[in-house]
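Here's a solo chain for you in structure tokens, the form predicted on its own.
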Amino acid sequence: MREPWVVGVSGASGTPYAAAVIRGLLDAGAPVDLVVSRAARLTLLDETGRPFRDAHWAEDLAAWLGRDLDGADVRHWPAGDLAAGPSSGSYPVRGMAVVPASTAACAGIAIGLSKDLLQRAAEVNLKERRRVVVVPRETPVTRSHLEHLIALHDAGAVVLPASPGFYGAGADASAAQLVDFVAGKVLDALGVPHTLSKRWAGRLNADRT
């Protein structure tokens, strides 16, 4: 039985994080169900210059990821399709990552708004007690943002801010290395193996020279 990971991409800045997570899941041989919100499409166009269209989603996703999708097990669900598979708890999935997670998406998931398929799928995974990882990127945050993140934590989600570490790559780390660090943390939280970043080995860089 196919049991994909649902990846929800909301409108916060940080579409490279989503791309890195999707690539990591595909590299691990995991099937992916993708939901890209309306706001995320505007952000993706702004950050990459690339569109994401329902009618041409496979072509647009391949261009976004920078790789051929031949053989990849990816299914796309339009964000406005509230009758889609991931909207139901009876649809078999392993869990979900919302990356990046806008403050609006976090709020909608926390209060059960189900404004679109992304919010509904996240709410379903929480109620089914599946793994849910939410990756907020906004900074600074208000009290209401924090309250929504606490509500998500209390509901069982892993709240994983997009805060890259510099150990391993060092102060001269490239943007791609920092993106992969966060994506690796997301995959760790999902329990998916990867080689996106170096792991802490108990030795400082100074000890290696």
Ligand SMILES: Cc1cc2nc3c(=O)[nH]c(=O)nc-3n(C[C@H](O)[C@H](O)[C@H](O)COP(=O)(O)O)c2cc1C
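These numbers come from a predicted model, not from an experiment. All residue numbers refer to positions in the sequence shown, first residue = 1.
Below: the form predicted together with the ligand, not depicted.
Each of Ser37, Asp46 and Ala104 is positioned with at least one heavy atom within 4.5 Å of the ligand in the predicted complex.
Using a 4.5 Å cutoff between non-hydrogen atoms, Leu25 does not count as a contact of the ligand in the predicted complex. Not displayed here, the ligand is kept clear of Lys127 by more than 4.5 Å at the level of heavy atoms in the predicted complex.
Using a 4.5 angstroms threshold between heavy atoms, Leu187 stays clear of the ligand in the predicted complex. Under a 4.5 angstroms non-hydrogen atom cutoff, the ligand in the predicted complex lacks Ala19 among its neighbouring residues. Residues of 1-26 that come within 4.5 Å of the ligand in the predicted complex, judged by any heavy atom, are Ser10, Gly11, Ala12, Ser13 in sequence order.
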